[in-house]
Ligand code: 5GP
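Okay, here we've got a single chain as structure tokens, the form predicted alone, with questions on binding and movement later.
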């Protein structure tokens, strides 16, 4: 069910009142957190602790090593790292549960049912399309480039701007930087620059953040990238489409770690004339997909309709329980349906 955003926005003033006294709070975000998901969660955690709340950040899964520099990361409870019982207890005891950077409870895997059934009030802060109606309070805008942008606005909305320090600022700046593709994507607005400038004023070191995220590679990651570009890239010029399909065998060959394929799909999209790019990645629990597009072609619609996923208009994810070969075959067959959209100038 889609949410009436306006109705919920009016209740944020009530949330401000709730936060004036110490609460037990859980913050959670989507599985395989990226910089926006983790940065938003940690930035909000650090802020709420300044207001004397008891705060736990619980992630459904682990996340890449290149995000572990963020302040407070050592306090994150990863649900799948043997913390199931403890995490469920914290969720059930929470007065407030902040749900960041996802619009559907299914995006937090097994935690979805736990959060959905918990008695604590839910707070949704997110920028993805078609949010589910599970939260008492919500700050949602598809016009926002990142959830980190919304977190900063939320902090200021409840009168906490002066409490933002360098650690909070760098967590939030990391989310904005990555979700805008280093300010290259079409989601960059004046507000993005205004918030980023405010975070720099608070002490965020933009050069440091960029180096930690983009320039901290393992040798194996670079060799995997080289293999993918030279041996695995498929270009279907008749559909203005390009994709990678990495088998579990190949990923193991290069000892791929979580995050090692981050950004790979963008190389396919960077090819001149390409409108749709995809990455198919095989794992023990099925095929994970990343989709990217340009202009009017909606990968959100493609992912939601055909691959149990969703996201943004030009950036989305999906999953499949079929084999890698069958998933790719399904994708290629679908291109015939979208050929006019993919080959028409716009």
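Residue numbers count along the first chain shown, from 1. Since we're looking at a predicted model, the values are computed, not measured.
Not on display, but discussed next: the form predicted together with the named molecule.
Shown alone, this chain has one stretch from 38 to 46, 53 to 61, 317 to 325, 66 to 74 that lies within 4.5 Å of the named molecule in the model of the complex by heavy atoms: 317 to 325. When contacts are judged by a 4.5 Å heavy atom cut-off, residue 290 counts as touching the named molecule in the model of the complex. Not displayed here, the named molecule is approached by residue 128 to within 4.5 Å at the level of heavy atoms in the model of the complex.
Contacts of stretch 23 to 56 with the named molecule in the model of the complex, defined by any heavy atom lying within 4.5 Å, are made by 30 alone.
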